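In the block that follows, a single chain appears as C-alpha cells, in the form predicted on its own.
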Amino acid sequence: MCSSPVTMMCFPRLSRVAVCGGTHGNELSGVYLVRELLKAEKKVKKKKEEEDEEPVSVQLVLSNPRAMQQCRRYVDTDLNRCFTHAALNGSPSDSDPYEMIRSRELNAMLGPKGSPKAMDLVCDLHNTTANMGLCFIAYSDSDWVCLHLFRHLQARQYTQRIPDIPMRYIHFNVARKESYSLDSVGKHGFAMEIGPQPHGVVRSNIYTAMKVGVQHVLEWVHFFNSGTVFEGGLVEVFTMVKHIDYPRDKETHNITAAIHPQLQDRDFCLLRPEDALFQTFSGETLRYKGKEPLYPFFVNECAYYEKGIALSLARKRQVMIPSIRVQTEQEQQANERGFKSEEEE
C-alpha cells in the first residue's frame, strides 16, 4: 500500500476475489446465489476474458456442504467462529469437529490467513432473521477498500439499481488474530448480512438484494482495477459496543422474557435509557438501563439464542475515508520489493 498525497491511497490490484455462501447451511440466499453463479461461471469467465487483459479471478465457494445438506446452521460447531489464528494453527486431531477441519481446508483454499497468498477480497454471504436490511460487517473501520465498496453500493441504491433496502456498515472492533469469521481470511473481507429472512427459507426480495449487491461488488472491483479513482468522503459506521442477553432464571437458565414489542423489528433505531427492552412472560416491561443511547441490531436473531445474545448495541459515527486508486505497475513492483526486504529482516 502507498499514499500519495495524504488524501489519496493506492492499493494493489484486486486480482483474486472469493464469494462464499453456505457458511451457515440454513442461510439460503447465499447458498442458492452461489449455486446459481456456479452454473453461469463458464459464461462469466468467457465474458471477462473478452473485456479484460487480466480478468479478475472469482472463486465461488459453498463453505459448509454438510450443514447445507442437512439445512442446519452447522453440524458440530459454528464454522463462522473457527478462523482465529489459534484455531487455524492448532494441532489437528481425529476428534476435531467437522467445522474445524473444514475451516482449515478453507484457509488453505482462500488463504493462508495473513499471508501474501491470501485472496485479495473475500465476500461471505449471510442471512439474519433480524430486520437489518443489507449490512456489511467487517473487523476494521479503516479498511478503505471495504468502506469504498460499501459506499459504491449505497450510491447504486440512490440510482435505483438496488432494491429499496436500508444499508449499514457494522464494525466489530476485534484484533486480526482474534477475528473469527471466514471473511477474515482475505487481505480485505466482509460479511454481507441481509434480513429479515427465516433460516431454512429463501425469500425472493432478500435473494434479489443479495444478488444485486454481489453484482455491484464485482462491478466496483472491475472499476478499481481499471484505474477508476474513487473520491473520499464520510461514511456512517456502526461500531459494536456490547451484547445483551435475555433475562434468565437463575436455576434453570431458561429465558424469562422476550424482546419488547416496541423494540421488535426496530434494528438501528436509537435505544435510549429507560426505553422498553424486554417483556417478561408474566407481562412486566423491563427497561434499558444503559447510561448512553445506542443503536440495537441483530434484535431477536434466531441463531443467537444459543449464544446468549438477545441483541447487540452499537455507537454510530462518521468516518472520513480517503480517495483511493489502484497502484501503477511501478508502484506494485516497489511494494513487492519492500515486502521481500521486510521478510529478509
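In this text the structure is predicted, and so the values were computed from the model without any measurement. Counting begins at 1, following the sequence as shown.
Although it is not shown, the form predicted in complex with another copy of the chain is what the next lines describe.
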Segment that reaches another copy of the chain in the predicted bound form - one of 200-208, 233-241, 142-150, 105-113, heavy atoms within 4.5 Å: 200-208
Contacting member of Pro273, Gly90, Pro261, Pro166, with respect to another copy of the chain in the predicted bound form [4.5 Å, heavy atom]: Pro261
Contact residue in the predicted bound form, from Cys269, Ile255, Leu218, Val212 (heavy atom within 4.5 Å of another copy of the chain): Ile255
Triple contact flag Ser95, Glu178 and Gln318 to another copy of the chain in the predicted bound form, non-hydrogen atom at 4.5 angstroms: no
Asp245, heavy atom within 4.5 angstroms of another copy of the chain in the predicted bound form: no
4.5 angstroms heavy atom contact with another copy of the chain in the predicted bound form for Gln279: yes
Another copy of the chain contact in the predicted bound form: Tyr288, any heavy atom under 4.5 Å: no
Partner proximity in the predicted bound form: Gln154 to another copy of the chain, non-hydrogen atom cutoff 4.5 Å: no
Residues in 294-322 close to another copy of the chain in the predicted bound form, defined by a heavy atom within 4.5 Å, in order: Asn300, Cys302, Tyr305
